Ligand code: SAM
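What follows is a single chain, given as structure tokens, in the form predicted alone.
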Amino acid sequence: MARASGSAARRRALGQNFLVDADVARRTVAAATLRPGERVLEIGPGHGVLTRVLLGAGARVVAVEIDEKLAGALERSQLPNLTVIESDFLRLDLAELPPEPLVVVANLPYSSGTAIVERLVETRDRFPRIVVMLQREVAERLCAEPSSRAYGGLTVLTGLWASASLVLTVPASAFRPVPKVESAVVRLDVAASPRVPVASPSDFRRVVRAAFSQRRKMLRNTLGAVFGSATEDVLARAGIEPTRRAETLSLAEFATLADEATARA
């Protein structure tokens, strides 16, 4: 077993709820459409309910587990085609993982699930297909449409690279300890290039973050952090009313504004 820093205290701080429902595990694995022998990254395997279903489907699994005792128990199980790495995935040097692209299938901790998804999508050349269980509210944000309540910065920044689909909702009773919220499984199919043309992904991030920094304010106000006094002229050239708010913009409209930022740099 490869080992990095990990502790039960940190596991508790992450608020991990362990999946105990084998049917949910089977449906989650089915959503990943794995080929026999395909290499899979599982983050936070816990007691290995999902791990065993993955192995039963013929996957070769690399499991990254932050908790020393849980990682040790999985290692001692001597399950074939399983490699265990004791580490916090958010701190893990990705060079420790196999070099080929990995499918991700995981039940993510509520408190760090968003950050983990962001890292996976940012390193999109490594993780082309991601099937993860998250708090339902976060899952809905990933899949939201413009002008919906759930639509936000996470939706847009993830959507530049990945198409998201909600696979199933998961009741609290599927976990121990039982959480106070529902979960959901989301599949992200990650593209090698932006799903809409954009000159600079970093300028795209800058525009999106500024636009959503004060969600209830109009774009004429929020985008001042990027365009300054030229904000209304930029919006006019883009054909976007300055009184609109960030949650009404499509992915393509954000890309147009990002290209304006790139042109002015």
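All figures in this text were calculated on a predicted structure; none of them were measured in a lab. Residue indices: 1-based, along the sequence shown.
Another form exists, predicted in complex with ligand SAM; not displayed. Remarks below refer to it.
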Q) Just one of Leu70, Ile240, Ala210, Leu34 has a heavy atom within 4.5 Å of ligand SAM in the model of the complex. Which one? A) Leu70
(Q) Using a 4.5 angstroms cut-off on non-hydrogen atoms, would Leu54 count as touching ligand SAM in the model of the complex? (A) no
Q. Contact between Leu249 and ligand SAM in the model of the complex at 4.5 Å, heavy atoms?
A. no
Q.
Since only the chain is shown here, I'm wondering whether Asn17 would be in contact with ligand SAM in the model of the complex (any heavy atom pair within 4.5 Å).
A. yes
Q | Proximity of Ile66 to ligand SAM in the model of the complex, heavy atoms at 4.5 Å | A | yes
Q) Of the listed stretches (188-196, 84-92, 143-151, 159-167), which one has a non-hydrogen atom within 4.5 Å of ligand SAM in the model of the complex? A) 84-92
Q.
Just to make sure I understand: among 93-114, which residues lie within 4.5 Å of ligand SAM in the model of the complex, judging by heavy atoms?
A. Asn107, Leu108, Pro109, Ser112
